[in-house]
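Take a look at this single chain in structure tokens; it is the form predicted alone.
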Amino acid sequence: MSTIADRIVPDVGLEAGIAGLTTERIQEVVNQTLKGETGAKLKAYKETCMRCGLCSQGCHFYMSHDQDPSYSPVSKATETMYELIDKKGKVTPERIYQMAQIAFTECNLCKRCAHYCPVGIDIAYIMTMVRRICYLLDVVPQYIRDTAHSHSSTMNQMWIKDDEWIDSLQWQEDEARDEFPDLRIPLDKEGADVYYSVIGPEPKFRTQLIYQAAAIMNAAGIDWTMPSHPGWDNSDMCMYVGDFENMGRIKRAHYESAQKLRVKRIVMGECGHAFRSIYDMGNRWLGYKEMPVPVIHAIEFYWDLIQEGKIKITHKYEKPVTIQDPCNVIRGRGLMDKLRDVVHFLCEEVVEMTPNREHNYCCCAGGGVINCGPPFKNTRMEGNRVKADQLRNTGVKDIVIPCHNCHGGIEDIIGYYDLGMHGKFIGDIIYELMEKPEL
């Protein structure tokens, strides 16, 4: 059995964070947070945890490290939050470094382990609160800290200027009009049925997704719009670093940009964490009893279009595919059946991973772990050998992946384990198969 002390990874943010830290300051922050921001739920989790270890099988880190007990969810909780509670925060700065590395990089907050716990303890919640304490102590991995700071400063995580955002949309509209002459990407259209929501990396690195979404909206005859103003980026690394104040500020801006346009609903593109942020966490932090504007994920949106006969394809995708079930929209929203309906509508042959649906393994990128950057890439790769085995055992080459983080994580795994596979968004496949105008 290893210990976290055996596998400390150097990180500028974590090192700088503990440099000026004292045990007295740690005690102050821990006890303030436990008293002011946690309550009966955390206390009940600690007191009902039987240390039975049944959660262990639920964790891809544990399974990928030959069942090393130090990677089990109960061990992570014991080594972090339970210790902070027992010692009333009286721990050393070096111990906080170790706790931060566990919470930020060895747990994806995927909630798979909760399915294995006989009393339903939510380790992801416990790790989220450990991250919150580390954030308040300013002990955060540098890469994800920079991303969160960018979003806090510019209202998008990629430092995209306001005019660059609009230029990117107009550029995609111009490109698409060569193929779809009547296509528009409507900006700031009041009263539209759909407000299409994206994340910062799309205009920066994956502009083809905006092109494809516009093509699908155009073909399906959707009354839609996108905002020209700040608030358009629905990604949320503040949620994952524990900066809940800015998480709430970003989500409020997103909701208010939709409310300002008086749209009927928000359709979140193929991103899992952004959906979690606006559907599950940010809205709760803001105290919304109900969603100010209804929100659905792209899986549900495409499912609706198929049911209404608004997506017409010329043929089915002929190569066999498998399906990645993203944690935040499958365990978090229960879209496993609709995802399969969509993929079976589009593809001739679907080979399921084992296990699948709500029992599927995480991609190991989610929960902000991929955003902790290069220092922790090997942590992700070695921590998800089971996903590589799961993918390899399907025997197929194409993976339908309706989530940005899953794409990043699985593409890294494909390269690291030399799997020779390829990931596709649902939008990639719809665009490839859809009826297009003859020019």
Partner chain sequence: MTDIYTFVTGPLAWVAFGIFIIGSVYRLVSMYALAKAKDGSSLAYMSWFYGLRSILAWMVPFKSKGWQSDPLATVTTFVFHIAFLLVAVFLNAHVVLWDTAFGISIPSLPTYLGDIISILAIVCCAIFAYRRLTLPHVKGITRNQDWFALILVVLPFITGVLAYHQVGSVLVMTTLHVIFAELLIALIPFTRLSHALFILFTRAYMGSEFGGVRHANDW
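Numbering follows the first chain given and starts at 1. None of these values were measured; they are calculated from a predicted model.
The next section is about a form of this same protein that is not shown, the form predicted in complex with its partner chain.
Contact annotation for the candidate site: Met158, Leu169 and Ser235 all lie away from its partner chain in the predicted bound form (no heavy atom within 4.5 Å). Comparing 385 to 393, 53 to 61, 401 to 409, 368 to 376 against its partner chain in the predicted bound form, the single stretch with non-hydrogen atoms within 4.5 angstroms of it is 53 to 61.
None of the heavy atoms of Asn31 is located within 4.5 Å of its partner chain in the predicted bound form.
Put simply, Cys271 is far from its partner chain in the predicted bound form: not one heavy atom of it is within 4.5 Å.
Proximity of Asp280 to its partner chain in the predicted bound form: non-hydrogen atoms within 4.5 Å are present.
Contact between Gln27 and its partner chain in the predicted bound form is not found at the 4.5 Å heavy atom cutoff.
Site annotation in the predicted bound form: the residue of Ile330, Ala103, Val198, Leu346 reaching within 4.5 Å of its partner chain with a heavy atom is Ile330. The single contact residue among Thr78, Gln142, Gln259, Gln208, judged by any heavy atom lying within 4.5 Å of its partner chain in the predicted bound form, is Thr78. Residues of 1 to 26 that come within 4.5 Å of its partner chain in the predicted bound form, judged by any heavy atom, do not exist; none qualify.
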